[in-house]
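Two separate entries follow, structure 1 and structure 2, each one form of the same protein chain as structure tokens.
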Structure 1
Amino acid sequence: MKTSVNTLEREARKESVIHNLDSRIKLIMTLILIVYSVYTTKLLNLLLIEIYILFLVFLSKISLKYYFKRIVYILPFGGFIAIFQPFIRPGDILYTLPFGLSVSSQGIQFGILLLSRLTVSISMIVLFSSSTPMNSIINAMRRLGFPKVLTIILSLTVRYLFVFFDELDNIKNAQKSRCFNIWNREVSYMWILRQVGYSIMMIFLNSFEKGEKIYFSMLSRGYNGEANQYIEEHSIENIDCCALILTIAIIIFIEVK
């Protein structure tokens, strides 16, 4: 996990046309594409938007293996909702299954549409997060007028992620030094589950204690709830405007074609 976070920051600091765009423009583009993908009901439109996003990925020089791996990791969390649509949405019955379950054609269509929307949204979020450093994302949110509390929570969440991963590494090393193996079939399965539960509890307890220490350290250094260190003055250039106009033009073309 910690390696994934470090890989994310490394990908975000590459040099490319997409990386060099103003973070505010990239955030606006992300929101526009997500809103449109939720609005449209045509699969062809979603396919064309996904092709456009893949074109942006190509320009960003992000590792395709890393990009698709992140999508595959995130997609199942929302994909389960789409999988159940054929069984719970009323419509023309195609198949009747045991236990009173039935598959409707409208449910299949809506499930495919929902999965397509989810794929497009996740693809754009992965592109945005992989081409923009976290401090730039927070800076863009602040300059676009997002609530200050929201940006502070996001910045602290990112900082505490590394604290969480450090605690996880320490516990894993301690277990490894004691020859603990979660896949060991010679011990009781319930005992292994109990040890995993203890480990999860210790991760959160230790992370909570370290979080308190960090917070009190911030207070002792004059922290008062402000996050002005993220306010960076950068002007929007012509290439940024062109990227935003191109995105809007493509959406309009897809919609009225």
Structure 2
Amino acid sequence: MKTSVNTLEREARKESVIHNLDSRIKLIMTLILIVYSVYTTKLLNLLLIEIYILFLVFLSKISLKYYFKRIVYILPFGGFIAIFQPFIRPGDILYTLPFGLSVSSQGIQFGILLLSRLTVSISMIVLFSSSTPMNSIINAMRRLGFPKVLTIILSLTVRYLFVFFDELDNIKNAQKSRCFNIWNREVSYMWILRQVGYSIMMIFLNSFEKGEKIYFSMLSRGYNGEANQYIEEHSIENIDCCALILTIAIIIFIEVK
């Protein structure tokens, strides 16, 4: 996971047309495209949107291997439910299988629709997150009017995410070097559970202690409950507007055509 967290940031800091777009515009584009792909029920529309997204991926110069690998990792979560649709959805029965299973045509259609929606949304999210550093995502949300308390917490969380993934790696390495394996059948199950519990407790304790430390270091730098953070100001340029208008135009075109 840690490597994925770090490669995520490495890809997000590349240079390209897409990377250089204002993060607010990218966030809005992502939301519009995903909302549309959840709204539409036509497979052709979803295919056209996917082609547009792949065109953006091509422009962004993200490593394709990395891009598709991430999609393949995320897909199984929901894909599982989509694949089972033909068997669980009532409708015109196409085939009857043993064990009382049957395949319905409505189920197949719905399953394909779910899977395509899922693919389109995930392709967009992966493109967005691989072309925008996490800090910019949070800044974009802050500048789009997200509640202040939440954005302060969000930006601090993002900052400490990497520290905690390092810590998690340390814990895992320490356990591995002592031949700790959660599937070991030689020791009692409760003992294993207790060890896992202790490592999770350590993460909690570390969070509490780090929270105190961070508070004091913030205090010594003039924190008074309000985080007046310096944000690199980018004004929205012509190319940002063009990208947004192009996206909206394409969606309207696909819907109306």
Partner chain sequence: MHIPDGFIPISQCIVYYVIVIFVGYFAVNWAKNNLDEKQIPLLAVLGAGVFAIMAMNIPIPWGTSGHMIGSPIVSILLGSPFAGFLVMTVVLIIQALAFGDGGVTVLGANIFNMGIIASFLGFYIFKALKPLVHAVPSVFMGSFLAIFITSIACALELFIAGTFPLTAGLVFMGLYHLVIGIFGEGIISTIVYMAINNLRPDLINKKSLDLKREN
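What we label the rigid core is the largest C-alpha set whose atoms superpose within 1.5 Å from one form to the other. Everything quoted here is computed from the prediction, not taken from an experiment. For numbering, take structure 1's sequence and count from 1.
Of the two forms shown, structure 1 is the one predicted on its own. Put the two forms on the same core and the Cα of residue 109 is off by less than 2 Å between the two structures. With the core held fixed between the two structures, residue 85 has its Cα displaced by under 2 Å. Once the cores line up, the CA of residue 153 ends up 2 angstroms or more apart between the two structures. The rigid core superposition between the two structures gives a CA shift for residue 170 of 2.5 Å. Its Cα shifted by 10.5 Å, residue 184 is compared between the two structures on a rigid core fit.
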